[in-house]
Ligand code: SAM
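Shown below, as C-alpha coordinates, is a lone chain in the form predicted alone; questions about how it binds or moves come after it.
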Amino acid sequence: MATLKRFFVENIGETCILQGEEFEHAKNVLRLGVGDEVELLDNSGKKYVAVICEVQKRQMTLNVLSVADGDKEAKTAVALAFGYLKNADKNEFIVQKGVELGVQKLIAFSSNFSSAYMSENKLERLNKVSKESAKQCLRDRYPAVEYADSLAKTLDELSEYENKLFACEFAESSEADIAALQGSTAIVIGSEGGFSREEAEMAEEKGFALVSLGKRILRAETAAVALTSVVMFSLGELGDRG
(Lines give C-alpha, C1' and ligand atoms only; values in the text may rest on other atoms or scores of the structure.)
Protein backbone atom coordinates (compact mmCIF):
# COMPACT_ATOMS: atom_id res chain seq x y z
CA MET A 1 0.00 0.00 0.00
CA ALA A 2 1.43 3.37 -1.03
CA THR A 3 2.09 5.94 1.68
CA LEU A 4 -0.62 8.60 1.83
CA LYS A 5 0.39 12.12 0.84
CA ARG A 6 0.83 14.27 3.94
CA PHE A 7 -0.16 17.88 4.66
CA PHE A 8 0.20 20.18 7.66
CA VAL A 9 -2.99 22.08 8.48
CA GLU A 10 -4.66 23.85 11.39
CA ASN A 11 -8.02 23.41 13.10
CA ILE A 12 -8.75 19.77 12.31
CA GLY A 13 -12.19 18.64 13.39
CA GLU A 14 -14.66 16.36 11.66
CA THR A 15 -13.88 18.36 8.53
CA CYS A 16 -10.84 20.36 7.49
CA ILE A 17 -10.00 23.04 4.91
CA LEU A 18 -6.74 22.84 2.94
CA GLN A 19 -5.55 26.24 1.67
CA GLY A 20 -2.46 28.13 0.59
CA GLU A 21 0.71 26.35 -0.48
CA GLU A 22 -0.48 22.98 0.81
CA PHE A 23 -3.61 23.27 -1.33
CA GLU A 24 -1.63 24.33 -4.40
CA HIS A 25 0.71 21.37 -3.94
CA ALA A 26 -2.16 18.93 -3.49
CA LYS A 27 -4.17 20.16 -6.47
CA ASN A 28 -1.62 21.33 -9.04
CA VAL A 29 1.44 19.18 -8.31
CA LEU A 30 0.00 15.94 -6.94
CA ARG A 31 -3.26 16.25 -8.92
CA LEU A 32 -5.37 15.07 -6.00
CA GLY A 33 -9.13 15.32 -6.26
CA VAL A 34 -12.45 14.25 -4.78
CA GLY A 35 -12.27 10.76 -3.33
CA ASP A 36 -8.51 10.72 -2.71
CA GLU A 37 -7.35 9.92 0.81
CA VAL A 38 -4.53 11.87 2.48
CA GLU A 39 -2.90 12.17 5.90
CA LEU A 40 -3.27 15.43 7.81
CA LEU A 41 -0.98 16.71 10.57
CA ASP A 42 -1.58 19.62 12.95
CA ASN A 43 1.84 19.54 14.69
CA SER A 44 0.26 18.09 17.83
CA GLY A 45 1.77 14.65 17.33
CA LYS A 46 -1.48 13.19 16.05
CA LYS A 47 -2.15 12.10 12.47
CA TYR A 48 -5.49 12.11 10.70
CA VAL A 49 -6.65 10.14 7.67
CA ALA A 50 -9.05 12.22 5.58
CA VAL A 51 -10.80 12.05 2.23
CA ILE A 52 -11.19 14.97 -0.16
CA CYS A 53 -14.90 15.71 -0.58
CA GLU A 54 -14.85 19.07 -2.41
CA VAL A 55 -12.32 21.01 -4.49
CA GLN A 56 -12.78 24.72 -5.11
CA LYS A 57 -10.63 27.36 -6.81
CA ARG A 58 -8.49 28.18 -3.77
CA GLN A 59 -9.22 25.45 -1.24
CA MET A 60 -10.39 21.91 -0.75
CA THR A 61 -12.61 20.42 1.96
CA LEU A 62 -11.81 17.08 3.56
CA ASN A 63 -13.76 14.77 5.84
CA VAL A 64 -11.71 13.20 8.62
CA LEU A 65 -12.02 9.42 8.71
CA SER A 66 -9.75 8.48 11.62
CA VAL A 67 -7.20 9.85 14.07
CA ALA A 68 -4.24 8.16 15.75
CA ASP A 69 -1.23 9.08 17.87
CA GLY A 70 1.96 9.38 15.86
CA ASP A 71 4.91 7.13 16.63
CA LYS A 72 7.81 8.71 14.73
CA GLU A 73 8.98 11.34 17.24
CA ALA A 74 12.16 10.91 19.29
CA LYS A 75 11.52 9.95 22.91
CA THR A 76 14.29 12.25 24.16
CA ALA A 77 14.27 16.01 23.53
CA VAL A 78 17.26 17.18 21.50
CA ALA A 79 17.93 20.77 20.45
CA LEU A 80 20.35 21.88 17.75
CA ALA A 81 21.62 25.45 17.70
CA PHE A 82 23.85 26.44 14.80
CA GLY A 83 25.69 29.59 13.81
CA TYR A 84 23.90 31.09 10.82
CA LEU A 85 25.97 30.51 7.67
CA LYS A 86 26.62 32.70 4.62
CA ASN A 87 25.47 30.01 2.19
CA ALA A 88 21.69 29.62 2.28
CA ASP A 89 21.86 26.04 0.99
CA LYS A 90 24.08 25.02 3.91
CA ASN A 91 21.61 26.44 6.45
CA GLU A 92 18.81 24.54 4.75
CA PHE A 93 20.94 21.40 4.78
CA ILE A 94 21.43 21.66 8.56
CA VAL A 95 17.70 22.16 9.14
CA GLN A 96 16.76 19.34 6.78
CA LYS A 97 19.11 16.80 8.34
CA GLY A 98 18.35 17.92 11.88
CA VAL A 99 14.65 17.29 11.27
CA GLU A 100 15.35 13.90 9.69
CA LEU A 101 17.47 12.88 12.68
CA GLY A 102 14.66 13.76 15.11
CA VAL A 103 15.73 17.13 16.56
CA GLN A 104 12.82 18.80 18.35
CA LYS A 105 14.20 22.35 18.59
CA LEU A 106 16.23 24.34 16.05
CA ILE A 107 17.90 27.70 16.66
CA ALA A 108 19.96 29.67 14.14
CA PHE A 109 22.10 32.29 15.87
CA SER A 110 24.64 35.04 15.30
CA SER A 111 27.93 35.05 17.20
CA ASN A 112 31.24 36.95 17.23
CA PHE A 113 32.59 35.46 14.02
CA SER A 114 29.30 35.26 12.13
CA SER A 115 29.25 37.17 8.83
CA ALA A 116 25.74 36.35 7.60
CA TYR A 117 22.53 38.19 8.39
CA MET A 118 19.10 36.77 9.03
CA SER A 119 15.94 38.25 7.53
CA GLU A 120 12.26 37.47 7.89
CA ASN A 121 12.19 35.86 4.44
CA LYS A 122 15.23 33.68 5.20
CA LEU A 123 13.72 32.49 8.48
CA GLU A 124 10.43 31.76 6.73
CA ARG A 125 12.32 29.70 4.16
CA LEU A 126 14.06 27.65 6.88
CA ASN A 127 10.72 26.92 8.50
CA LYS A 128 9.35 25.77 5.16
CA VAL A 129 12.34 23.42 4.81
CA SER A 130 11.64 22.06 8.31
CA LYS A 131 8.01 21.36 7.42
CA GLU A 132 8.83 19.69 4.11
CA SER A 133 11.53 17.57 5.73
CA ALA A 134 9.13 16.39 8.43
CA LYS A 135 6.62 15.34 5.77
CA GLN A 136 9.30 13.50 3.79
CA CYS A 137 10.69 11.51 6.74
CA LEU A 138 7.20 10.75 8.14
CA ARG A 139 7.57 12.76 11.34
CA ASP A 140 4.39 13.77 13.13
CA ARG A 141 5.68 17.23 14.03
CA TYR A 142 8.03 19.74 12.49
CA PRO A 143 10.19 21.91 14.74
CA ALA A 144 9.89 25.65 14.25
CA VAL A 145 13.23 27.27 13.39
CA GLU A 146 13.95 30.16 15.76
CA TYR A 147 16.54 32.92 15.45
CA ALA A 148 18.69 34.43 18.23
CA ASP A 149 20.80 37.52 17.53
CA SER A 150 23.50 36.54 20.03
CA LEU A 151 25.17 33.45 21.41
CA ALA A 152 24.33 34.52 24.97
CA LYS A 153 20.59 34.45 24.18
CA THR A 154 21.00 31.05 22.56
CA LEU A 155 22.74 29.56 25.58
CA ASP A 156 20.08 30.96 27.90
CA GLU A 157 17.35 29.46 25.71
CA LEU A 158 18.95 26.03 26.18
CA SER A 159 19.61 26.29 29.91
CA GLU A 160 17.01 23.70 30.96
CA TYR A 161 18.48 20.78 28.99
CA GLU A 162 20.11 18.07 31.08
CA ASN A 163 23.13 17.77 28.78
CA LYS A 164 24.60 20.85 27.13
CA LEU A 165 27.28 20.28 24.47
CA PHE A 166 29.36 23.08 22.96
CA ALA A 167 31.41 21.98 19.93
CA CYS A 168 34.71 23.82 19.94
CA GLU A 169 37.59 23.35 17.50
CA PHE A 170 40.24 24.30 20.04
CA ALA A 171 38.99 21.97 22.78
CA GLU A 172 41.81 19.49 23.42
CA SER A 173 39.37 16.85 24.66
CA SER A 174 35.66 16.46 25.38
CA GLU A 175 34.37 17.41 28.80
CA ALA A 176 31.31 15.17 28.33
CA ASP A 177 31.05 11.44 27.73
CA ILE A 178 28.81 11.52 24.68
CA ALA A 179 28.65 7.72 24.50
CA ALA A 180 26.96 7.63 27.92
CA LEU A 181 24.38 10.38 27.36
CA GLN A 182 20.98 10.12 28.97
CA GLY A 183 18.28 12.75 29.09
CA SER A 184 17.48 15.89 27.11
CA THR A 185 20.44 17.24 25.17
CA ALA A 186 21.32 20.59 23.60
CA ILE A 187 23.96 20.85 20.87
CA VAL A 188 25.66 24.10 19.88
CA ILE A 189 27.69 24.39 16.66
CA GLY A 190 29.45 27.52 15.43
CA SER A 191 29.39 29.29 12.08
CA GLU A 192 32.21 29.29 9.50
CA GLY A 193 34.50 31.23 11.82
CA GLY A 194 33.89 29.01 14.82
CA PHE A 195 33.86 30.46 18.32
CA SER A 196 36.17 32.80 20.17
CA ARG A 197 37.80 31.66 23.40
CA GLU A 198 35.70 34.23 25.23
CA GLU A 199 32.54 32.63 23.87
CA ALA A 200 33.75 29.19 24.94
CA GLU A 201 34.42 30.51 28.44
CA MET A 202 30.92 32.02 28.55
CA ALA A 203 29.45 28.68 27.50
CA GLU A 204 31.33 26.88 30.29
CA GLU A 205 30.10 29.44 32.80
CA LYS A 206 26.54 28.67 31.69
CA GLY A 207 27.01 24.93 32.24
CA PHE A 208 27.97 23.79 28.75
CA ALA A 209 30.60 21.10 28.25
CA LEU A 210 33.17 21.76 25.54
CA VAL A 211 33.39 18.85 23.12
CA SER A 212 35.96 18.02 20.49
CA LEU A 213 35.05 16.62 17.08
CA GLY A 214 38.48 15.16 16.45
CA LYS A 215 41.78 16.26 15.00
CA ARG A 216 40.36 17.49 11.70
CA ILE A 217 38.50 20.78 11.25
CA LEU A 218 34.98 20.04 10.03
CA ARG A 219 32.84 22.36 7.98
CA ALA A 220 30.03 23.83 10.07
CA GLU A 221 27.31 21.88 8.29
CA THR A 222 29.32 18.64 8.61
CA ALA A 223 29.86 19.25 12.33
CA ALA A 224 26.15 19.85 12.90
CA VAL A 225 25.08 16.60 11.25
CA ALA A 226 27.96 14.53 12.66
CA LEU A 227 27.46 15.54 16.30
CA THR A 228 23.68 15.30 16.08
CA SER A 229 23.97 11.79 14.64
CA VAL A 230 26.32 10.66 17.41
CA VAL A 231 24.06 12.14 20.09
CA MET A 232 20.97 10.50 18.63
CA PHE A 233 22.74 7.15 18.48
CA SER A 234 23.92 7.46 22.08
CA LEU A 235 20.38 8.29 23.20
CA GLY A 236 19.04 5.19 21.48
CA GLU A 237 17.23 7.10 18.72
CA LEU A 238 19.23 5.52 15.87
CA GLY A 239 19.00 1.77 16.26
CA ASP A 240 19.52 -0.21 19.45
CA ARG A 241 21.99 0.93 22.09
CA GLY A 242 23.20 -2.44 23.05
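Owing to the predicted nature of the structure, the values given are computational and were not obtained by experimental measurement. One rule holds for the numbers: they count along the sequence shown, beginning at 1.
Below, we refer to the form predicted together with ligand SAM, which is not included among the displayed structures.
Proximity to ligand SAM in the model of the complex, taken as a non-hydrogen atom within 4.5 angstroms, holds for one residue of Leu30, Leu65, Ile217, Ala179, which is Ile217.
Residue-level contacts in the model of the complex: of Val211, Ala203, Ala50, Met60, one residue has a heavy atom within 4.5 Å of ligand SAM, and it is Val211. Per the 4.5 Å heavy atom criterion, ligand SAM in the model of the complex is contacted by stretch 184-192, the sole one of 66-74, 50-58, 184-192, 30-38.
Using a 4.5 Å cutoff between non-hydrogen atoms, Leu158 does not count as a contact of ligand SAM in the model of the complex. Remark: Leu126 does not count among the residues lining ligand SAM in the model of the complex, judged by a heavy atom distance of 4.5 Å or less. Ligand SAM is not drawn, but in the model of the complex it has a heavy atom within 4.5 Å of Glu169. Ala223 belongs to the set of residues with a heavy atom inside 4.5 Å of ligand SAM in the model of the complex.
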